[in-house]
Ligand SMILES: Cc1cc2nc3c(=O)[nH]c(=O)nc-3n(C[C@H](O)[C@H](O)[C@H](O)COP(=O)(O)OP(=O)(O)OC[C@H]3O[C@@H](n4cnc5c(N)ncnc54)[C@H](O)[C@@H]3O)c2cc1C
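In the block that follows, a single chain appears as structure tokens, in the form predicted alone.
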């Protein structure tokens, strides 16, 4: 992933040694040099209270203004100073030249794509799939337990108020040009946050006419894109509100809330899989269906 700079060039994102060299027009001959330079520009805040504090503590004022604050404002619809510190912590800052978003030793995509992966998971005689079917509480009478990925506040009829989310509009197009990376982030004040060129991903060939399919993402409010929940907006107030709903959920013995909207959490793929396997394992143990592993 790379970020588009004002001069039309791109630089690695997350921030690494190359990013510092590109933006400050310097040469850093080793990781230790990058570390010392970062220390010289960042503002030390021992206990960041919000995402903006974290940006300043990690990369300083110049990079916060250039790469993070405008992006955060359009992505989340609020200032970085209002956003929970955990959101800002998702993006690492490195002193080496590693350009990957994640630093996991093993990273891969499903060999035959996600469609085939989920088709195989659902291909079992004990699994019945119904699409385009909204959840209704009356359905609970037919099952011993329900695992729900619906918004937790909706389940409880918004008794404490509405939990805030941001949505996304996707704009698809085609181009003859190759991007500098699969994903380019727009860190300025333009309406889009990023553009993806799909032919740069494995098993995603260019179209028959030789054009590359691209998708631009435009964040928007839930009012502008009803029902399309993407990002839970985590602030001190929304966390307090979610805590009230979680207390209500704790009294339900036949329901487990899951996913971003059920747990009101911004969850990446690997922790999402791990977390939900743990939810399933806990349910099985509580019902004597499987011993602890």
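Residue numbers count along the first chain shown, from 1. Everything numeric in this text was worked out from a predicted model, so none of it was measured.
One more form of this protein should be noted, the form predicted in complex with the named molecule, which is absent from this view; the next part is about it.
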### Message
Taking a heavy atom within 4.5 Å as contact, would all three of 88, 165 and 216 count as contacting the named molecule in the model of the complex?
### Response
no
#### Entry: is_contact(residue 143, the named molecule) in the model of the complex, heavy atom dist at most 4.5 Å
no
### Task
Could you confirm whether residue 268 comes within 4.5 Å of the named molecule in the model of the complex, counting heavy atoms only?
yes
### Query
With the partner left out of view, is residue 134 within 4.5 angstroms of the named molecule in the model of the complex by any non-hydrogen atom?
yes
### Contact of residue 260 with the named molecule in the model of the complex (heavy atom, 4.5 Å)
yes
### Message
So if I measure heavy atom distances to the named molecule in the model of the complex, which of the stretches 103-111, 146-154, 117-125, 76-84 falls within 4.5 Å?
### Response
146-154
### Task
Heavy atoms within 4.5 Å of the named molecule in the model of the complex is the criterion; list the residues of 3-21 that meet it.
none
